[in-house]
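Structure 1 and structure 2 below are two forms of the same protein chain, each written out on its own as structure tokens.
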Structure 1
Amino acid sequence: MNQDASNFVQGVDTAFVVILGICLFFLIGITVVMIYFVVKYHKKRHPKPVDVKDNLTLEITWTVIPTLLVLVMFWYGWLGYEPMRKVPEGALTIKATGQMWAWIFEYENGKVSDNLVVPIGKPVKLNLSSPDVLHSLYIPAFRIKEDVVPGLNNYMWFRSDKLGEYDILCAEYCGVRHSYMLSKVIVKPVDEYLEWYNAPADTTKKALPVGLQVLQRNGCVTCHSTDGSKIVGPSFKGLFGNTSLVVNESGDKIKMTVDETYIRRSIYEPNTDLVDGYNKGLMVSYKDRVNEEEIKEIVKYLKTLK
């Protein structure tokens, strides 16, 4: 017996099939009637046009039937949607942050992951947030999608009874690297999930410089490369200690040395002194997400990228 990837698959697919079936019925029906009328009322058969009088029965029929069909589509749609807004008690709560251009998942014990790891058979609630622009968390295999709106508290939930990995996409155009905003839902057996959940930080990540870990955790490397290549923002490679041509708030172009003060201002006030040639407004302030100690670690890491 095949298991659905999530508890919402059957309801959503049923609504889709019902709506698709009604649409196909009318597509075929209207096409057949149109061809019939074209043939029956062709000019050769009726060279002299005549008025067609009203038909009360016909008018009632074509009003009542579509109304009933719309109500049927609404009913099946509601049956699929209504459970999505009722989160079961005891659901595992995870904070899901969408930002340009990455997904970040934070668990109740403080663990952070760029993939959504969940236990099989357990309800999971995602509290959705965005620090920058509008995103939309979409898991096609689970048949769920919810907007992630800056300043708005939103949520979604699901339960998966099938082990495996499933794609997470952003379904709302959010900028030039929208199509790269990819992640995974990894459904594990409960014991494996608990082992992962309670395990210390990944030893591979532990070996990484703290500053790089901060940059990765906040999605900075999705816009700023570390190898010199140009993405959306200036590359981190060779940045620290060099002179950059920037556009200040007055619109004047000035040269500034990239030092610790410059790095701090770029993180806290990213649109104050913008590097010439880059678009204003793409980066938001990280003042509430990166503290002074982390900035020092970032500076320490940038110094190594000569």
Structure 2
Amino acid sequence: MNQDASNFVQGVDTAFVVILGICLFFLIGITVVMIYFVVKYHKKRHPKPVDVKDNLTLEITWTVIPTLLVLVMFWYGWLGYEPMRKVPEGALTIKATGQMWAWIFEYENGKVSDNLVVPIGKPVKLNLSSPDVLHSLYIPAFRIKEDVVPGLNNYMWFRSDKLGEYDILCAEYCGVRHSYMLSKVIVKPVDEYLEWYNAPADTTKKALPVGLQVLQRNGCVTCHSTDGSKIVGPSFKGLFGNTSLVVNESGDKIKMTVDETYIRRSIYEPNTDLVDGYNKGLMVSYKDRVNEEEIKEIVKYLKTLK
């Protein structure tokens, strides 16, 4: 067992053991008594039923004892949970964005990553944000999960004491690619982490065109493929210069050539001139996340995708 995967594992697993223990005791106890009664008082062996009067003492007993036991369960549940909402001072703060359908982690120095890279033994606070619908950041190995709610500043924190890679899943249904909204926590030794953290953003993906980096950083490629396959939105491959059938604001279908103006409008106002056959409202505006400079890079990259 990865007892050190996060600082919460022990508290949560203790609660599991206590609560499951009490539950199993009752499940087995009641089932055994039930089977015993059914066998012993089966009509073959016990043809004459005996009238048994109601018993107030018994009723009180089996009201009070379970009440005490559930309070014990509540107590252990609270113990394991209590530290989860108390972020220690000086925690490393990372902005975690869940969007359809990717996780994006933004560090204090502006570094952006699609994996959550953290140093071992240091508290990490995640500020959760979503530009579109509900998501839920779930790290099973760490026993933590918190919903990512658009318009709400929700948060979570953890400290991992064990090197390794752990799955990040989305636990709140968010649409067609919900089950593919995956990422990893990578726990590194402090020095390796600092090396990664301070490395310029480009070195990891040096070979990639800047435009593609922008697309990847903003999660665009989770819906728009670069190889012509259809995911959720139209593929980027062969898009630029192509003629698309779009639905304009008055609901008419018109033909439109995909040029720089159209690309910009689609990024900033995705619901105007929507390509026919795609749903309104699925994409949000990237106005405050992608600047003019980056749009030029995107266009430059799209031109190469024939």
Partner chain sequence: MIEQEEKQKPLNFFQDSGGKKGILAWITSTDHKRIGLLYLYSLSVFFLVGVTLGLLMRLELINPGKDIVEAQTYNGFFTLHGVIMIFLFVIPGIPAVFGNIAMPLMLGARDVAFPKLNLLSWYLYIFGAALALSTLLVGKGAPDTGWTFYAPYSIKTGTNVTMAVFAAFILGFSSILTGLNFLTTIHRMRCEGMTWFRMPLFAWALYATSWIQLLATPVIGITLLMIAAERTLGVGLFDPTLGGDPILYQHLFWIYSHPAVYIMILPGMGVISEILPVFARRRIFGYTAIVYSSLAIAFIGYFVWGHHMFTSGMSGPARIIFSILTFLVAIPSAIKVFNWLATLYKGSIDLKPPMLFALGFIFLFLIGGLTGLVSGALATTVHLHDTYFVVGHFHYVMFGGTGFAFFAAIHYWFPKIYGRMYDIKAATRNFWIIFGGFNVLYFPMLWAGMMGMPRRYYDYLPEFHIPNIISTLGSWIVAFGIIMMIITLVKGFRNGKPVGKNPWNALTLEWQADSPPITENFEELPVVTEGPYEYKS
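Values in this document were obtained by computation on a predicted structure and should not be read as measured data. Every residue number counts along structure 1's sequence, beginning with 1. By rigid core we mean the largest C-alpha set that fits within 1.5 Å across both forms.
> 1 or 2: which is the form predicted together with the partner chain?
Comparing the pair, one sees that structure 2 is the form predicted together with the partner chain and the remaining one is not.
> Superposing on the rigid core, is the Cα displacement of residue 238 between structure 1 and structure 2 2 Å or more?
Residue 238 C-alpha, core-superposed: shift of less than 2 Å.
> With the core fitted, just quote the Cα shift at residue 48 between structure 1 and structure 2, in angstrom to one decimal.
Spelling it out: core superposed, C-alpha of residue 48 shifted, distance 9.2 Å.
> Following alignment on the rigid core, what Cα displacement (Å) is computed for residue 38 between structure 1 and structure 2?
Its C-alpha shift, to one decimal, is 4.7 Å.
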